[in-house]
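Next up is one chain by itself, shown in structure tokens, the form predicted on its own.
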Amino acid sequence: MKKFAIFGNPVEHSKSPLMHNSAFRAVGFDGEYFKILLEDGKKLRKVFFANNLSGANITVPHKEAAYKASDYLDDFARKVGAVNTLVLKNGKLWGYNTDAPGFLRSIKKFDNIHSILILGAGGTAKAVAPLLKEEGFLVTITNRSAPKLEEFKKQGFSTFTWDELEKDSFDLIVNMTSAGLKDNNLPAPKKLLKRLFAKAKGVVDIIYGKETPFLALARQFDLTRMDGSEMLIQQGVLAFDYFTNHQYDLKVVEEAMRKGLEESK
């Protein structure tokens, strides 16, 4: 039996095992998938091999650590500097990023979206922003502090700290921070969010399985809202494809993953 895991801190909330184990059963793959709480990202590689894993998914805050732990990187992961999927091949770790294509597939439910404001400048934003830009969206990134924005500036993105952000008209506002995951914090000042929500068409929080304070505030403005469940499924399908070396029909995998999530409710 091949072993797979998700690394994160926190990780107890993760529903990835439900999805992947459901998909393993559906296609008849001899595998098991479980959670590993990892506090120190520098130990990711050591813990991966100690658990005799064949592959892993990486969630906050270790996506940049997974990038550094990889022996080989696919072109997209190398470009964005963040890895959320590791696969063991011939004793070496191959790093991929399925966050961005997963996110792109998940926001197709929104109509007439042209401008997107991303809250946060971490590993997920690093992966998603370049692909959104390539797809023709006007992408702006805002973050509490300036240093993390420097890399985005070099790539030609419009970047602002909270205090600098004067424009308030964006079609889609996306929380890519961990605010609200294990606390009741907002990803940016309430006053700023209210100003943004007043002119937005919709909001997305990549945190899933709960109404975060961010989504609760957006509800007051009657905005189209979406949590991270669809992104979770879409990136999971693509990760599963890497785990199983592209052997299975992805529609079957997606249906099984949705079933696994539904059964958990």
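If you're wondering where the values come from, they're calculated on a predicted model, not measured in any experiment. Sequential numbering from 1, following the sequence displayed.
Unshown form predicted together with a small molecule; subsequent notes refer to it.
The closest heavy atom approach of residue 223 to the small molecule in the predicted complex falls outside 4.5 Å.
None of the heavy atoms of residue 105 is located within 4.5 Å of the small molecule in the predicted complex. Among heavy atoms of residue 122, some come within 4.5 Å of the small molecule in the predicted complex.
For the chain shown alone, residue 129 is not a contact residue for the small molecule in the predicted complex, no non-hydrogen atom being within 4.5 angstroms. The chain is drawn here without the small molecule; in the predicted complex, the stretch among 108-116, 130-138, 67-75, 171-179 whose residues come within 4.5 Å of it by any heavy atom is 171-179. The candidate site formed by 148, 232 and 235 is fully in contact with the small molecule in the predicted complex, as each residue has a non-hydrogen atom within 4.5 angstroms of it. Between the options 48, 29, 208, 197, the residue in contact with the small molecule in the predicted complex by a heavy atom within 4.5 angstroms is 208.
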